[in-house]
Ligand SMILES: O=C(COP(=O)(O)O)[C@H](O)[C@H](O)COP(=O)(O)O
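Below sits a lone chain in structure tokens, taken as the form predicted alone.
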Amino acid sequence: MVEDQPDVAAVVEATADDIATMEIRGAAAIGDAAAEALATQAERSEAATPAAFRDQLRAAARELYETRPTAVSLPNALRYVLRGIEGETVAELRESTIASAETFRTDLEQAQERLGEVGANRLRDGDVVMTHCHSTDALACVEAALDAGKHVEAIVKETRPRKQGHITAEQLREWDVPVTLIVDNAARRYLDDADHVLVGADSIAADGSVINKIGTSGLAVNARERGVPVMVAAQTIKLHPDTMTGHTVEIEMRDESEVLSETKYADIAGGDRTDDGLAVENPAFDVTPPRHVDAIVTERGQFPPESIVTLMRELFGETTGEPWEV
């Protein structure tokens, strides 16, 4: 006899779809959406027993977790909310879940503001930053510098294939920051005009390696050669605690349609859509070694990449379990 699967609210499924398709993007936005989805699951649960309620919540967390393998803010958000749950009755569990999610979301919102203030201290009046992809943490540093009365300009890589750099350029222009938008392959040419490379992170490993949008590593190598410091802006929600116990970070492979349309694929393959001789690789992220990073800026201060493991141990302990697993 097959046991019934725990009921998962439709809003959880919708949130999972939006994260998977990148309708919801950015680590902070993903973490916030996941916490909100768990709170909604708790609100709408019709579980008759505490055990059934916990099963439903774990099932919802698993569905969210499986959407983006490298977006570490997602499992960190789920861990935070689930570990804050306590109570002996369904009502108590419901109340504590909603409260835990609300606390997480409030802390997340304040974390980015604090991070921005820390990062802004590294930016001088008149500095030019070069950005890659779209990071709200990186932009928080620029915004805080502007609020402090500093003049900042930006060289923005468009970041193919999804061109997230266009989002960055749009936000910076809303703040009246002068922007030079460049194609990715022109980065080395324009590094001499930059005072900082300022990027975000999808996740950060215990050894200080930075997992971020594909192209970050090459930019960091070129920046080091040119003597341009690389600053990574990342909330502590992006620290990857599993890497303390030897786990490696999986690099997400995106769909080939982001690189080639069906029509263009057929053109290149001579009209044969099943051509085994044409492969399209579309990794979403790469790994930047700590030796190419000058500072990791968080809401708890700035750290040399080699010492980030100390902060990780302080926040997560030596090991972590997965509260959504049965």
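Start at 1 and count along the sequence shown; that's the residue number. Owing to the predicted nature of the structure, the values given are computational and were not obtained by experimental measurement.
Although it is not shown, the form predicted together with the ligand is what the next lines describe.
Undergrad: Mark residue 311 yes when one of its heavy atoms lies within 4.5 Å of a heavy atom of the ligand in the predicted bound form, and no otherwise.
TA: No, residue 311 is distant from the partner.
Undergrad: When the contact criterion is heavy atoms within 4.5 Å, does residue 97 count as touching the ligand in the predicted bound form?
TA: No, residue 97 sits far enough from the ligand in the predicted bound form that none of its heavy atoms falls within 4.5 Å.
Undergrad: Given that the ligand is not shown alongside this chain, does residue 22 nevertheless sit within 4.5 Å of it in the predicted bound form, heavy atom to heavy atom?
TA: Output for residue 22 is yes: heavy atoms within 4.5 Å of the ligand.
Undergrad: Can residue 142 be called a contact residue for the ligand in the predicted bound form at 4.5 Å between heavy atoms?
TA: No, residue 142 sits far enough from the ligand in the predicted bound form that none of its heavy atoms falls within 4.5 Å.
Undergrad: Quick check on this chain: which one of 171, 217, 136, 209 has a heavy atom within 4.5 Å of the ligand in the predicted bound form?
TA: The option sitting close enough to the partner is 136.
Undergrad: Counting any non-hydrogen atom inside 4.5 Å, which residue from 157, 196, 213, 240 sits next to the ligand in the predicted bound form?
TA: Going through each option in turn, the one that passes is 213.
Undergrad: Any chance 75, 236 and 316 all have a heavy atom within 4.5 Å of the ligand in the predicted bound form?
TA: Not a single listed residue reaches the ligand in the predicted bound form, so no.
Undergrad: Have a look at 187-195, 147-155, 79-87, 201-209 and name the one stretch with heavy atoms inside 4.5 Å of the ligand in the predicted bound form.
TA: Heavy-atom contact with the partner occurs in 201-209.
Undergrad: If you apply a 4.5 angstroms heavy atom cut-off, which residues in 142-164 are near the ligand in the predicted bound form?
TA: Only a single residue, 164, comes within 4.5 Å of the partner.
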